[in-house]
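Shown next as structure tokens: one chain only, the form predicted on its own.
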Amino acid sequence: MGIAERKEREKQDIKDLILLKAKEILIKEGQDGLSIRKLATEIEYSPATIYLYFQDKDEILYQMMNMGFEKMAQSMTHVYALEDPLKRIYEIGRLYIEFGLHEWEWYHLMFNSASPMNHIERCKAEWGPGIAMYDYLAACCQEAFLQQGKTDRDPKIAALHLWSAAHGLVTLAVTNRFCVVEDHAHQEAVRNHLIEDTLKHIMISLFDYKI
């Protein structure tokens, strides 16, 4: 390994270390607990060093948002092997909600936080992994509609319908709002049953498909 390659490797190692520590802080303390100064203390470098790799906290959270999408995508790898597009769509919805419920700090960063979006707007960056997941869902919807002969349906609108519904279910569950429609919704089993029934109803509404 030459000098230039070694220096580049060292730079990447430091960048990876910053993101690793940022992830640990995010999971333990949430976004409010994450700061450049705290990161610098954790990795035993000066704040100036962190600014050599990231413009600000927003960019760090943007990079972490992409890590979150990769983490979510990994939880869905078996979906691609399903031949039936309708089963794929249902599994994507189910696993999306499961990720939101069990990985809330990641989910909140990916879908609710303004910080990554601030970086995207300022730096003309891309929401690459998130768009890729949405495009795949839309492609599954298109395949399902063609399979059913419903050529007048818009697959992107169907994907948006599914995404907004799943996002709403995650948010209602995490904020304990299901008690409005079900007295014992604070119990995990009741909550999960309510989510499952709602997701199944969405599949019937959009695709006339009963799980």
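The numbering used is simple: start at 1 and walk along the sequence shown. No experiment lies behind these values; they were computed from the predicted model shown. Rigid core here is just the name for the largest C-alpha set that superposes within 1.5 Å across the two forms.
Not on display, but discussed next: the form predicted together with another copy of the chain.
Exactly one listed residue, out of I36, L160, M67, I43, brings a non-hydrogen atom to within 4.5 Å of another copy of the chain in the predicted complex: L160. From the list 56 to 64, 43 to 51, 171 to 179, 22 to 30, the contact stretch for another copy of the chain in the predicted complex under a 4.5 Å heavy atom rule is 171 to 179. The shortest heavy atom separation between K11 and another copy of the chain in the predicted complex exceeds 4.5 Å. Using a 4.5 angstroms limit between non-hydrogen atoms, C123 is distant from another copy of the chain in the predicted complex.
Contact between S75 and another copy of the chain in the predicted complex is not found at the 4.5 Å heavy atom cutoff. At the 4.5 Å threshold, heavy atoms of Q147 stay clear of another copy of the chain in the predicted complex, well away from it. Contact with another copy of the chain in the predicted complex, defined as a heavy atom within 4.5 Å, is made by all three of S113, W127 and K156. Along 197 to 211, these residues reach a heavy atom to within 4.5 Å of another copy of the chain in the predicted complex: D197, T198, H201, S205, L206. After superposing the rigid core, the Cα of D16 is displaced by less than 2 Å between this form and the one not shown.
Once both forms are overlaid on the rigid core, the distance between the two CA positions of M203 between this form and the one not shown is under 2 angstroms.
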